[in-house]
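Only one chain is included here, represented as structure tokens and corresponding to the form predicted on its own.
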């Protein structure tokens, strides 16, 4: 179980507000995070990953406390070992597709399986600048999966994919997530996107005014 109870100040266009989330997420589930622009969807996954800190709150994952502001507990992002797919991909420009995956894992069999799932076998020696937007997005997903994370956080991960590729990739990923018992949180701006794959949803409404 992931237990989240946080308050985090937001500053969007010089407008101060507070993101307040209290949620329990079953391990191994797939959860969609959605809501209006500026509500704090991306901020929430950054807080869970440990990339930003809330002013107040607690986060527990599998009975391990990652964050407890009252008691001064903060587990670093490296120790949380969360898989992350950023909206802007955050790829390394000087690394090939293969090097991105080898940077995350030494398991060549697993790398080959990921390349096949992402349909990037023929592009293994290419650097990001020679890949299309969809190929870069698939690489970002594969890199996040390379460590076989227990928790995978994804920010608009399928936005650059055509419908056929999206459907096929999601089907393959669902198989891997089930096999690895990965808990998945997906940020989406489209409430109708990916209908049918989620066990639950988190709707982030407009944040509370004032900080």
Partner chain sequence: MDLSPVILTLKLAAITTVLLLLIGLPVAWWLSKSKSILKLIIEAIITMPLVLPPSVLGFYLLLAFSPQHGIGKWLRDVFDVQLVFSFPGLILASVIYSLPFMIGPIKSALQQLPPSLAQASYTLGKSERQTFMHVLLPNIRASVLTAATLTFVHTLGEFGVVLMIGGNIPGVTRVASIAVYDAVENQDYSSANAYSLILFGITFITVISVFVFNKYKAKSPLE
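Numbering follows the first chain given and starts at 1. Remember, it's a predicted structure, so these values are computed and weren't measured experimentally.
The discussion below concerns the form predicted in complex with the partner chain, not included here.
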Can any non-hydrogen atom of residue 74 be found within 4.5 angstroms of the partner chain in the predicted bound form?
no
Quick check on residue 143: any heavy atom within 4.5 Å of the partner chain in the predicted bound form?
yes
Wondering, does residue 104 line up within 4.5 Å of the partner chain in the predicted bound form on heavy atoms?
yes
Closest heavy atom of residue 90 to the partner chain in the predicted bound form, within 4.5 Å or not?
yes
Per-stretch contact check against the partner chain in the predicted bound form, the hit in 61-69, 181-189, 44-52, 167-175 (non-hydrogen atom, 4.5 angstroms):
44-52
Among the candidate residues 125, 78, 109, 132, which is the single one with a non-hydrogen atom no more than 4.5 Å from the partner chain in the predicted bound form?
78
Look at the candidate spot formed by 150, 158 and 199 and say whether the partner chain comes within 4.5 Å of a heavy atom in all three of them in the predicted bound form.
no
Counting only heavy atoms, which residues in 151-189 are within 4.5 Å of the partner chain in the predicted bound form?
none
